[in-house]
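This document starts with one chain, in the form predicted alone, laid out as structure tokens.
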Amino acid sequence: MKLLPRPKAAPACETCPLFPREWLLEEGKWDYLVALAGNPNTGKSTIFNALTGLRQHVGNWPGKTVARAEGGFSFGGKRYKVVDLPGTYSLLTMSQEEEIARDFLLFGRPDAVIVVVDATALERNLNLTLQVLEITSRVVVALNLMDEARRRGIRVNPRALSRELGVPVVPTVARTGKGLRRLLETVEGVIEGRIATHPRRIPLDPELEKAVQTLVPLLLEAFPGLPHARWIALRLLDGDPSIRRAVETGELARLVPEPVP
């Protein structure tokens, strides 16, 4: 199965814009951190394997029985670390997988998030996509399984979808590697600011917006440096038991990342 073109001679490899190099997945060894999110069975792990090859490590998330997969590659002269988040349909319920994916997006400081969606089941997949867009604007959607969609007579317009979501949408066929280079070029553009994003977010009822604006400063006072305080405020107002517990026990302070030097 051909996933990514690989040059035959070593000297040529070094000049290739996309060439996985042997470097350790340790703090400070990469330039950019990218998260891969998506529903189960969208081809997310296939994209992860195509990008990282043998340069990956699999363990467990701290304190969890859920597998953690991370890997690395080089592209355009930059080194990327990729974290393959557990497949999940939502960020709003109580499973371990959803909690892990949510916490990494909130506190893991990814430079970009690739949301992998199934072109044959967009309605189901866009639920998670819109939830991710509520957390971060640095999102690129990989519209995967385009070959299967065509086989079923399903037509998806990536440009129209991009306009609706406010973030880039790149059609891909992960099992053959089609579209992956363009996907990485787009991720690079989003991270470096050459591609602007304007994520679609649902306006709040005025009373709810007022409550959010009141709660956010209180959260920041209690947990200095708290990222995505607005999203956390919304979850508290929605009665999310895990977020409420994290606030009441002070666990939220442990999740706040240390300031970047």
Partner chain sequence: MKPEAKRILETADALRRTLPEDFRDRLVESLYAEAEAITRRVVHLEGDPLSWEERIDRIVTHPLWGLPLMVLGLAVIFWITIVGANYPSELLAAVLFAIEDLGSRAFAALHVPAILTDFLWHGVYRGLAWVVSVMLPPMAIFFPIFTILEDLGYLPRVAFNMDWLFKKAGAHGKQALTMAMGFGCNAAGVVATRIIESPRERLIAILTNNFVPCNGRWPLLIMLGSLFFAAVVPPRFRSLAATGAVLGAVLVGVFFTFLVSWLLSRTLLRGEPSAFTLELPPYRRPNVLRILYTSFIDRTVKILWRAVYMAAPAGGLIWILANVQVGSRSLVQILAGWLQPLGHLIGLDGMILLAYIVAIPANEIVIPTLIMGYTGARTMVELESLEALRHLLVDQQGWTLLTAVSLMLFAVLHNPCSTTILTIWKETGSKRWAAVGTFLPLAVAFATTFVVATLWRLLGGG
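Positions refer to the first chain, counted from 1. If you're wondering where the values come from, they're calculated on a predicted model, not measured in any experiment.
Separately, the form predicted in complex with its partner chain exists; it is not shown, and the next lines address it.
- Not displayed here, its partner chain is approached by residue 124 to within 4.5 Å at the level of heavy atoms in the predicted complex.
- Though the partner is left out of this view, residue 111 does not reach within 4.5 Å of its partner chain in the predicted complex, counting heavy atoms only.
- The closest heavy atom approach of residue 148 to its partner chain in the predicted complex falls within 4.5 Å.
- In the predicted complex, residue 188 stays away from its partner chain, with no heavy atom inside 4.5 Å.
- Checking 70-78, 179-187, 103-111, 158-166 against its partner chain in the predicted complex, the stretch whose residues place heavy atoms within 4.5 Å of it is 158-166.
- Counting a residue when any of its non-hydrogen atoms is within 4.5 Å of its partner chain in the predicted complex, the hits in 237-255 run 237, 238, 239, 244, 247, 248.
- Put simply, residue 66 and residue 252 spread apart in the predicted complex: their C-alpha atoms are 3 Å or more farther than in the form shown.
- One change in the predicted complex concerns residue 224 and residue 107, whose Cα atoms lie at least 3 Å farther apart than in this form.
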